[in-house]
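Just one chain is shown here, as structure tokens, and it is the form predicted alone.
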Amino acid sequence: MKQKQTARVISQRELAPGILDMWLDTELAVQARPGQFLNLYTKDKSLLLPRPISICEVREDGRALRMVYRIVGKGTGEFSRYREGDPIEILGPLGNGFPYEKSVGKKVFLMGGGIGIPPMLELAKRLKAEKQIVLGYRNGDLFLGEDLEKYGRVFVATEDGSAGTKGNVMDAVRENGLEAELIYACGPLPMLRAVKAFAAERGIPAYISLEERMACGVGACLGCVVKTRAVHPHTNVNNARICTDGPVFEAGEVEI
């Protein structure tokens, strides 16, 4: 059940240029599932809307959450200046998360692109499966790869070819001859379209986490919708709210 509370910053550091790694002391950690997110509120009152950030990792004692995010504007710029002990208002956990229980005994792809990589870490920790982790970056400024290597074999793709396969995550899959029975993915829309097509061609179930600009994050504003194959049971239209019905969807159920 989502709650609003004041968390405290435990630590913060830079993982790569513009990519920050912040641990928060919060009781909400015990409820969190891989693929869910938090709304983080700024102290700057001119910034009315919260910033949705994916949960990267849950500390083993269930008392802290790790948030890995990119600085993209004033709100995340403010967060990047926080230090140990600073308070931050949060709401969560939000969204549905990945159905990781479906992976038991299967050969699985975990595919993350850019800032879609952080949710893969907690997911990798919880999967009871053979994990192949495929990560896509713009360049050689890699992050979280070493963390993910603890839980499965990691394959890297970079757009400029500075590390791993030159290209995207699907290029890395093809170059390394990888196969899977189930896919979990999070990343930019072009990547998710490619993953959806790949899964459909091979008849593989795929669950994708959609990245979208969100206003409220709790389903009230209808600002983050995606077209769906099925009619929504409440609205009676072929739309779903990414923030509450998602952000994770079975790939075949959404039009992207």
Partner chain sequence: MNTQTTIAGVTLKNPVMTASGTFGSGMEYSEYLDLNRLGAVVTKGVSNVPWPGNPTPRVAEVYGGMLNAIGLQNPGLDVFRKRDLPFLEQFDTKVIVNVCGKTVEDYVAVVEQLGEETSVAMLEINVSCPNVKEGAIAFGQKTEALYGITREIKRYAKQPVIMKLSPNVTDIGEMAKAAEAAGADAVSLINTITGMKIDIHRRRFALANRTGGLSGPAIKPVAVRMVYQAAQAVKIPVIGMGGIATGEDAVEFLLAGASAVSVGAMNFVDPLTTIKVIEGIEAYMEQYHIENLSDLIGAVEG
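Positions refer to the first chain, counted from 1. All of these numbers come straight from a predicted model, not from anything done at the bench.
The following text describes the form predicted in complex with its partner chain, which does not appear among the structures shown.
- If you check its partner chain in the predicted complex, you find no heavy atom from any of Leu15, Asn139 and Gly167 within 4.5 Å.
- Interface residue among Arg66, Arg51, Arg33, Lys196 relative to its partner chain in the predicted complex, by the heavy atom within 4.5 Å criterion: Arg51.
- Put simply, of Leu91, Ile115, Ala129, Val156 only one has a heavy atom within 4.5 Å of its partner chain in the predicted complex, and it is Leu91.
- Taking the partner from the other structure, its partner chain in the predicted complex has no heavy atom within 4.5 Å of any heavy atom of Arg8.
- Although the partner is absent here, Arg229 is not a contact residue: none of its heavy atoms lies within 4.5 angstroms of its partner chain in the predicted complex.
- Although the partner is absent from this view, Glu27 stays clear of its partner chain in the predicted complex, with no non-hydrogen atom inside 4.5 angstroms.
- Remark: Gly223 counts among the residues lining its partner chain in the predicted complex, judged by a heavy atom distance of 4.5 Å or less.
- Interface residues of 239-256, taken as those with a heavy atom within 4.5 Å of its partner chain in the predicted complex (partner not displayed): Asn239, Arg241, in sequence order.
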